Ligand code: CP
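Listed next as structure tokens is one chain, alone, in the form predicted alone.
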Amino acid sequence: MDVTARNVLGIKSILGTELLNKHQIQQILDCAFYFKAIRNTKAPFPKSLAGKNAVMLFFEPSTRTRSSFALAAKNLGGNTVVLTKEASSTGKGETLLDTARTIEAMQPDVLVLRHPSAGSPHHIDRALAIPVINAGDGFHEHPTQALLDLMTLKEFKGNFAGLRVLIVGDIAHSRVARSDIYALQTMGAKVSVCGPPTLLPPQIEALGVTAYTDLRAAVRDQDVVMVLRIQLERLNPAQNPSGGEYARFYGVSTETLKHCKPDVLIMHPGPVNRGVELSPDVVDGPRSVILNQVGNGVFVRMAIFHLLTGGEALHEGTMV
């Protein structure tokens, strides 16, 4: 049976926000807010994953994404199996595709994949019948992070139309930046980016964003400043700025906030390098919604599990 015929999103997998339309994003957000409303009332969650199994292949380190996927499945009554690179047969020379096919033969209901190679979830998705959720592929995309960012923005800013969002940092190597740019623009936000010239992709303006190299000029009139982690593991030595140099020119501090709108939101996908990308007083300050992002990650991933595996469309108004 065609998996898309039995889910309301009309798609088999979540591979990237570039592939999602406005209606699909809104359905995911509505469902996530539904689950958050249930949590706030302390009522039990619907067990839409009861009797279902999610296999999570995590070939890169993760705290927030891996934990929130596991909690999301548990909240919905599902089971999870986690495989890392070290614990899988890829260490013996088995290909990722053969590993995925082996897992599918055990008849799980969904596969979550984080992998250092860009495009790996797309490759796996073409070979498998079960839904695949991209939990981050190299510096290509991280769609569930972008969706939880949108949920947080909706919560604090209300509307996306005309919202001005600045993404600061290592744009060139950030899968979060790409997913956020696609998702924000789909929902009607205006996106700008800022970073050192060596960390801005060539022709980044082709994505419809405005690019800056001067942080003070970039932050003016922005409603949201989304700060990224420097992807040290993906940089060559010529691109790698010292922490002190980076903090001086591109770190967001209380001094930076003086040039921002008084109600600006500060976001970060984590983990934060305190004193480099963000000063500690900004991380823990009143404009920061970083921990809200983390919390919303569970609800967004619950929504994706629920909707991809055949759950009905949900929104807060459907609560009884």
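All of these numbers come straight from a predicted model, not from anything done at the bench. Numbering starts at 1 and runs along the sequence shown.
In what follows, reference is made to the form predicted in complex with the ligand, a form of this protein that is not presented.
Using a 4.5 angstroms limit between non-hydrogen atoms, Pro61 touches the ligand in the predicted bound form. Contact annotation: Pro269 falls within 4.5 Å of the ligand in the predicted bound form, judged by heavy atom distances. At the 4.5 Å threshold, heavy atoms of Gln145 reach the ligand in the predicted bound form.
Under a 4.5 angstroms non-hydrogen atom cutoff, the ligand in the predicted bound form lacks Arg178 among its neighbouring residues. Residues with any non-hydrogen atom within 4.5 angstroms of the ligand in the predicted bound form fall in just one of 279 to 287, 61 to 69, 258 to 266, 33 to 41: 61 to 69. Looking at 112 to 133, the one residue that comes within 4.5 Å of the ligand in the predicted bound form, counting any heavy atom, is Arg114.
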